[in-house]
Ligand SMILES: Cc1ncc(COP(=O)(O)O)c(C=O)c1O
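A single chain, nothing else alongside it, follows as structure tokens in the form predicted on its own.
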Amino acid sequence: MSIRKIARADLWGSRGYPGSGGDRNEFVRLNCNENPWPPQRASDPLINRYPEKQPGQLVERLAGLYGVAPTSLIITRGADDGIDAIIRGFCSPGVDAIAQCPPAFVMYRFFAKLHGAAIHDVPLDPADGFSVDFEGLAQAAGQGAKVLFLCSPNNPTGSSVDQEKILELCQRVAERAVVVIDEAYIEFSEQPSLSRHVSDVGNLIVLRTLSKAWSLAGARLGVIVASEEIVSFLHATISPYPLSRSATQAGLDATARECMATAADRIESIKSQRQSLAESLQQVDWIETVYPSEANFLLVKVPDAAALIEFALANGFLLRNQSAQPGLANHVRISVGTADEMQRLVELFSNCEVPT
């Protein structure tokens, strides 16, 4: 199938910014108004030059990491930038819509509003482990939703989505919508990535990031993985130079072969700490619910989320209040830290009265 029917007609065929040949430093570069001298104390002798639009070495590295062809991915400024580019590419302002499944990652709604796209909410079912209403998503596609967002493992619930049902949804809405699977936390799950299906499922888009498992939140490195047709189209919707040279180098350093074993060990450590933290929090008598999680965080229900946030802050811990999310009144999200940090948090909670 072709996504031409789904994409914004006014953007289809756009070539995007041509770039400056950022990898061609053997030439005398008089084509893009750069300063010929780097700053006096620059650690990077090429920092005065524009970078590549898509750094070839990092594209190759990440394509290998995710098991796809280099032509099936775009590197973005974090997964947020990918969400922005996808909505821009498929939703005409004031005409089209997205669908999301609250409680959901807040940036889907944020960027939809920025682009003037309507929002169809298809809530998760908390009574059934935050299961997805796939029928509701298919109906939203029939009512003008061009982009259907799912997050697996989901932020903020930590729950995963049935992959077979995701692929069935892609087939059902093939002529009407693209299905975006946000896999920011997939490395902490037992599920494999759906990236393996993008070559044969033409309306499937997978979002990946190096922020979580690869410890590069500060570098802002995200990836769109999709069919070559979608990738070619979305090149026209992203910023001309999404990655700085330093961010590119950080990505290459973190994913170098000699770093793979350490990264894998740290992922396993977080998964182990997640289980230990869940078991310990379940023993705290004033915590009402500790939800199962396949991400690097836990969602917990407490008597008074605002009071707990204030109490934790007064004792040196920053937690995330999720009470503004539909169905999550008095729920708090706790990221998994080091063994020492988790021990201190558990001791704090175990030795206090109900924060009010």
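Each residue number is its position in the shown sequence, starting from 1. The structure presented is a predicted model; accordingly, all values stated were derived computationally and were not measured.
If you look for the form predicted together with this ligand, you will not find it shown, but the lines that follow are about it.
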is_contact(Asp80, this ligand) in the predicted bound form, heavy atom dist at most 4.5 Å: yes
Contact label in the predicted bound form: Tyr241 to this ligand, heavy atom within 4.5 Å: no
This ligand contact in the predicted bound form: Tyr108, any heavy atom under 4.5 Å: yes
Asp84 within 4.5 Å of this ligand in the predicted bound form, heavy atoms: no
This ligand in the predicted bound form reached by all of Asn155, Ser211 and Leu221, non-hydrogen atom within 4.5 Å: yes
Per-stretch contact check against this ligand in the predicted bound form, the hit in 115-123, 162-170, 212-220, 268-276 (non-hydrogen atom, 4.5 angstroms): 212-220
Phe233, Tyr185, Phe90, Phe130 - the one with a heavy atom within 4.5 Å of this ligand in the predicted bound form: Tyr185
Contact assignment for this ligand in the predicted bound form, among Ile205, Cys151, Ala140, Val147, heavy atom within 4.5 Å: Cys151
